[in-house]
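One chain comes next, on its own, written as structure tokens: the form predicted alone.
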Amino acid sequence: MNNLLVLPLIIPIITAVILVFLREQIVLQRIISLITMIFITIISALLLNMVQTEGIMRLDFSGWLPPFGILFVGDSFSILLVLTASIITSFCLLYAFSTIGSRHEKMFFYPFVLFLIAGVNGSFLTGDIFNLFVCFEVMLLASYVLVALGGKKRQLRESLKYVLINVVASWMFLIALAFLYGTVKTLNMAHIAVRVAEAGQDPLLTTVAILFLIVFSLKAGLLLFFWLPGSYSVPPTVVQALFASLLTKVGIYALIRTFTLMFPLNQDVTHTIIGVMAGITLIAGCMGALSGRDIYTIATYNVIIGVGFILIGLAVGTETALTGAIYYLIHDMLAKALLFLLVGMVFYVSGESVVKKMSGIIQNYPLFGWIYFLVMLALAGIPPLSGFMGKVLIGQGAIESGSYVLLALGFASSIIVLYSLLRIFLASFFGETTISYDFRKPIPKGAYLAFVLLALSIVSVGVGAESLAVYVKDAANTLMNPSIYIDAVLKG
């Protein structure tokens, strides 16, 4: 059954290649891509339950045993994220069917979405750090196409910036890998952890760890996020939602895995730097959200605030804080996907992106308006929605470790998130409508279905936090006790 681990990577790739030859068969592309994502979602749910009953799963490619071969490792943390990513992609496809347009669909939209999710899932599942680089590149190559999809002038300008930044980050990733391999003579993550523990995390290894921190921070938008607001606001709406919910989260996953498994020893240096970067990211994200005049700017800076808040959990480093970080990571993926889909639809129905130029949208679209209100409350951490449990546990962990500055910044950011999104709600949804009922644009049924399903997911994660706890606590326990992961990978 361990062979199931490769399916979240290989099935989307095979399907994407097939769809390339079905360019003109748009309806068939839609059906195949959606069935593929539903299948991957079912496989991910099955894998998550298998991890609970059988323990951490390992798949060795070509029969090469670790630490010599490439392998996939499935623990609760990685498979939770694979499951969440697959669910979000399925819902985003439903939205895309009625909004993306045949022009984009004939430009290989569906194949590149599947390549993107293949890279994301591979990044979550790999147990080899060089293979992590490869999966990053698969994900990024697909994102390079999607960010420029449509070929508008502003898209091309921002895509050049996006490509340049990620090429530099990939080059730094390779340099970090070279230094790491030259020092510990292995690329298997579990084996790296053993070698680092044996040698002690000396200044050279700490320097390598900081280099990885810079690389993954660029990917995650931690402090080094100057490329993110422009790049995430120019693609089609469904692509924005996929980017906001998945791409930065892969960088966050890499940071958490790196500094809980491979470089957990010199926390006075590494975790302090992460804490400082998270704090500055929160401050900068809040300033951007407060100063933003259009809905896209406010939404993208809310992505940055989310990154900073999640990584407070890593910087604090207690089991409670990491449990909260996992809860909040799952919540943030779902909520940011819904937020960007809603923001895109606001622009579609009003024809405006500047907050002050819109009003009264809720009069023509009441369900749409109240779904926006729900995601606003969830992102602010209002109970019993999905953001509440993560915020409480991260706050509790910060109190346990005495990290009161990070605690204050984290909860102050929640107020700013609520204010920035409430500003859109009050200005754009209430007041006298700028669009008469007779001239309103109908919201496609597929878009409404995606909104409702994502909203129900947000409510379910919040209300059903106790049901999710067994998986999240197991994930946090594995992160806090890397020997569990190491023994599962290197046994035999």
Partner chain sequence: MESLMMILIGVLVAVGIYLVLSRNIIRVILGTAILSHAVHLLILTMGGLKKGDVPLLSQSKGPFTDALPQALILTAIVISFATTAFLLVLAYRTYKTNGSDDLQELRGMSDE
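Computed from a prediction, not measured in an experiment: that's the story for all the values here. Positions refer to the first chain, counted from 1.
The same protein also has a form predicted together with the partner chain, omitted here; what follows describes it.
By the criterion of a heavy atom within 4.5 Å, Tyr348 is excluded from the residues contacting the partner chain in the model of the complex.
In the model of the complex, at least one heavy atom of Phe133 sits within 4.5 Å of a heavy atom of the partner chain. Among heavy atoms of Val163, some come within 4.5 Å of the partner chain in the model of the complex. Taking the partner from the other structure, the partner chain in the model of the complex has no heavy atom within 4.5 Å of any heavy atom of Val354. Residue-level contacts in the model of the complex: of Ile362, Met277, Ile371, Leu187, one residue has a heavy atom within 4.5 Å of the partner chain, and it is Leu187. Taking Leu422, Ala199, Ile382, Val167 one by one, only a single residue has any non-hydrogen atom within 4.5 Å of the partner chain in the model of the complex, and it is Val167. Just one listed stretch, out of 318-326, 177-185, 242-250, 277-285, contacts the partner chain in the model of the complex at the 4.5 Å heavy atom level, and that stretch is 177-185.
Residues Phe130, Phe133, Val134, Glu137, Leu141, Tyr144, Val145, Ala148, Gly151, Lys153, Arg154, Leu156 are the ones in 127-156 with at least one heavy atom within 4.5 Å of the partner chain in the model of the complex, listed in sequence order.
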